[in-house]
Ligand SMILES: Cc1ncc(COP(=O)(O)O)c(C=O)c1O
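A single chain comes next, written as structure tokens; it is the form predicted on its own.
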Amino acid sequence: MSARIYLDHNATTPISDDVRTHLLEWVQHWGNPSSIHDAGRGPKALLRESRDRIAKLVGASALELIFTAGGSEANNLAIKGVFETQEKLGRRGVAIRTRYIFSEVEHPSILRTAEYLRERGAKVDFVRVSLEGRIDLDQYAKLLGPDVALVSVMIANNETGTLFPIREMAEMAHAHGALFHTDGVQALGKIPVDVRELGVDLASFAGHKFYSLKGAGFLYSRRGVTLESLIHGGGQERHRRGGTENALAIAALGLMASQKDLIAVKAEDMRTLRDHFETRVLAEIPFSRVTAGDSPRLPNTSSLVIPGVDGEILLMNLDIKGFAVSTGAACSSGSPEPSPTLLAMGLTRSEAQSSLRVGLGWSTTREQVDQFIEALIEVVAHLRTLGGFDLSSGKESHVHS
């Protein structure tokens, strides 16, 4: 192949040409945006303009945004910020809410924060998600109560692309007086997102999932929500997050935010390519299937189970041929264990280990998708032959230990 083909846009996205064009211009604004002299005015203006653009991107007001180093920090700030606020009230003798609800398929930055809360004495509950990628709303309704401080459920799953009914779940939480946070990191740039329409109190996002630089994200915090700061320092971000802002990366995200109107158009382009991809794969690779294929999903994401191959070995063979894909969440790569998300949804260990995630992007072409399909068919056939996969029955022999 003359060039590599990148199909892992759920892990990160390439920097857009527009962002790359402006980098040298932005680098000239090297001062501290908190400085009141001339060197600080340029970066301060960049931050102000970017904040306004990003706020419009997600339907918020500029003062409701807290810039962070990325999505994981934004998730931690939302959850720990609520928890520490409750703890502070408790130390003053005020009755507090002590329970927190999450879905079983959240990003590791959420699940590990949930573990932290439990270690600190909070009560933590998890809502089931079915094999079809649908959250158990009946169980969720039973878990809600007057002791719930916060519910956190992602807009879109980073591995399967499944979309959750955030507006409905937020309304149910609010009926019990609980706050609602959503991890919107995977949704940004793939589908239009409006925090007001979703009705959430808190929402996390990251720039590098939207063709911007790594190192910048933000938390939408609805006016009136009180969060205890995690990073104490200067008065940046209205005293909600200490530390000098990453003006360069924030400017990149601000520029992409100005392309808001393209998101819905690009979403349809990616959906057409994804459907073409899945149709061919299901027809040409026997026994393959799409996880949660009949559920609402991001338009760019396909999570496949291909019996008879090991996902990591498949990934490495495809990488050698010039294709970048993944088996699941990039933050969990290198782990010998199968995806916790797929296991939580009800896939067997063998099925989870035979998974492959394909994430299309704004610049992905049909020609690239077809090249990938041909390579995938070839590699799967080769690995199945080596593993002794029985094509007549679809049974595996010794693919997994």
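Each residue number is its position in the shown sequence, starting from 1. Bear in mind that the values here come from a model prediction, so they are computed numbers and not experimental data.
The form predicted in complex with this ligand exists for this protein as well; it is not shown, and the discussion that follows is about that form.
> Is every one of M154, V185 and A206 in contact with this ligand in the predicted complex, taking contact as a heavy atom within 4.5 Å?
Replying inline: Yes, all three are in contact.
> Since exactly one of P33, P338, G70, G361 fits, which has a heavy atom within 4.5 Å of this ligand in the predicted complex?
Replying inline: Checked against the cut-off, the match is G70.
> Considering R240, R274, R297, H107, which brings a non-hydrogen atom within 4.5 Å of this ligand in the predicted complex?
Replying inline: Looking at the other structure, the residue within range turns out to be H107.
>> Please pick out the stretch from 266-274, 242-250, 219-227, 71-79 that is in contact with this ligand in the predicted complex, where contact means heavy atoms within 4.5 Å.
In response: In the other structure, the partner sits against 71-79.
>> Is N158 near this ligand? Define near as a heavy atom within 4.5 Å, in the predicted complex.
In response: Yes, N158 lies within 4.5 Å of this ligand in the predicted complex.
>> With the partner left out here, which residues of 255-289 have a non-hydrogen atom within 4.5 Å of this ligand in the predicted complex?
In response: Stretch hits: zero.
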